[in-house]
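So this first bit is one chain, no partners, the form predicted alone, shown in structure tokens.
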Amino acid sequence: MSDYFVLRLHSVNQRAEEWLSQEAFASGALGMSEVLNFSQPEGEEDVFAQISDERTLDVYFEQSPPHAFLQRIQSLFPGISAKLTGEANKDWLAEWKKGFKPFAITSRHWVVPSWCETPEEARHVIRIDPGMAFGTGTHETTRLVARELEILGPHNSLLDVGTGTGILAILGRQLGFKKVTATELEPEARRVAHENFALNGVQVELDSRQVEDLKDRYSVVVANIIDGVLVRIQDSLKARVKPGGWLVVSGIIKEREQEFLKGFKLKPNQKWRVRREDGDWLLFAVQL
């Protein structure tokens, strides 16, 4: 038995959309939404909706829509194709949680969701509750940075640019960094990061400013961001590294490696000391 019904309508022009916005609700619809396609230009962090003259719409009903309503659509707009499906109500957060299991992010550190038991083999635990913020630690780029921080070992200070849920900042404290600062612009992510810092009992300074606005310098600076953004903010990242310190960048897609290396400029006496890959993603590190 279905809890609600979704009527998907393809090839809806502007005139049909205006008619549907009135007639659908008069026929008992609960709501209506547009099905959008998205694109992300190479090297950009922004995602853009692709708008066309003909739309795809989803119309929601508590009960199967009246047959007369469907007949009117076909009569007035024969170019529209329609498909009706019944759906069951789900707790989508609960469904997502089922798939988020504890995992090793380094050889010694495990990320364990706050609702899961700690595995016996986990020597060090990072408790995490992502909420609505980005970053569970499962992505290859996060694993690359985590493993590199473990290899570098503890230093005096660490800056995590764009911390998300705070996993790398928490790891830095657990690895023994004396001072850890994290930046995050998105308010919901900052809220979640604060909660995760408290959940793990670690002290991290969370800054809401752009990296360009920071003044302090750090022994290690990590930035797990898409490659085009890394190139754009490279001067600010380099400026935050103490002399002799390390800059670790991840989020570079392997097929764009040469483009990244051309765009991210190092001084003649500097060279990338580390190149690591995981799947389709790369990490680079340089001592400045």
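Whichever C-alpha set is largest while still superposing within 1.5 Å between the two forms counts as the rigid core. As the structure is a computational prediction, the values presented were derived from the model and not from experiment. Just count from 1 along the sequence shown to find any residue number.
A second form of this protein, the form predicted together with a small molecule, is not displayed here; the remarks below concern that form.
The candidate stretches are 183-191, 78-86, 148-156, 110-118, and the one lying within 4.5 Å of the small molecule in the model of the complex by heavy atoms is 183-191. Taking non-hydrogen atoms only, Ile225 approaches the small molecule to within 4.5 angstroms in the model of the complex. The closest heavy atom approach of Gly162 to the small molecule in the model of the complex falls within 4.5 Å. Looking at Asn269, you'd find every heavy atom of it more than 4.5 angstroms from the small molecule in the model of the complex. Contact check for Gln22: a heavy atom falls within 4.5 Å of the small molecule in the model of the complex. Contact check at 4.5 Å (heavy atoms) against the small molecule in the model of the complex: none of Ser219, Val231 and Leu288 pass. The two forms, fitted on the rigid core, differ between this form and the one not shown by 2 Å or more at the CA of Trp19.
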